[in-house]
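As structure tokens, one chain now follows by itself in the form predicted alone.
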């Protein structure tokens, strides 16, 4: 008799399971992950590495995310390929840190047609229809440049300035807008002139190479406006080799962008005059925008990260040592 009842219970259990899976699929669970396709522009600088780390540390499985990241190695075509693969995979949302502003219309139209929302992070894109992306979160690069120019104006009133402009990768949002701020500043001051504009491609090696080549023909400048810290580090090495002093009491004032811990240390030590912060820790801001999207809330088209300026007077060793990038 016991065996008979056991068979009945087993049969009832089989019928129950058949009912649960009658459509051929397992029942939904609360552990399904939200899939993010992330196209990172590269790994060319300390800033970019910190930016990547911020995304990885934010979008973890234990928080319900599956972050699928592709490093474009500073090649726009690699980004296009990554985005198209995300479309085929049917990710829930795509985050792009674009290498360049131009050239995105076709690929973003493909994403739009696939019904996948896009968040542009760090830099911007120049497209015919901004409905092709959900929002743009990152730095106010023009504001950064304008604040640097205003600081320089306040520090050098009436002085004759010859400014060497060390530019980042041409066509990127940071390069375009930081350059615009300086060029506007030079145009507005009769006593300012550009001693030269050279490209360091946002890397230390290129910054050193460009500065070394420039110094071989011209040393007549008293301000270095460098569009990121890594280029600044390379430029400083070239200045050292040329015997040109800089920073506090030196021949050349140095303005640098990013405010990584290494640059802040140089500033605290009196070797750099101004660090303009460009905050790479954008993962939490992206996550908040995704939360708003999933909740059906209105999302602003442009979100700027909070950032600061640093001179030696603003810094302590404790602040520098506590910096995460």
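It should be emphasised that the depicted structure is a prediction, and the values quoted were computed from it without experimental measurement. Positions refer to the first chain, counted from 1.
Unshown form predicted in complex with ligand GYE; subsequent notes refer to it.
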property: Stretch in contact in the model of the complex with ligand GYE, which is absent here, among 118 to 126, 82 to 90, 207 to 215, 188 to 196 (heavy atoms within 4.5 Å); result: 118 to 126
property: Partner proximity in the model of the complex: residue 232 to ligand GYE, non-hydrogen atom cutoff 4.5 Å; result: no
property: In the model of the complex, residue 104 touching ligand GYE (heavy atom, 4.5 Å); result: no
property: Non-hydrogen atom contact residue 254 with ligand GYE in the model of the complex at 4.5 angstroms; result: no
property: Heavy atom of residue 44 within 4.5 Å of ligand GYE in the model of the complex; result: yes
property: The single option of 174, 96, 152, 166 touching ligand GYE in the model of the complex, heavy atom within 4.5 Å; result: 174
property: Candidate from 55, 289, 278, 266 lying within 4.5 Å of ligand GYE in the model of the complex - any heavy atom; result: 278
property: Residues from 258 to 273 in contact with ligand GYE (non-hydrogen atom within 4.5 Å) in the model of the complex; result: 258
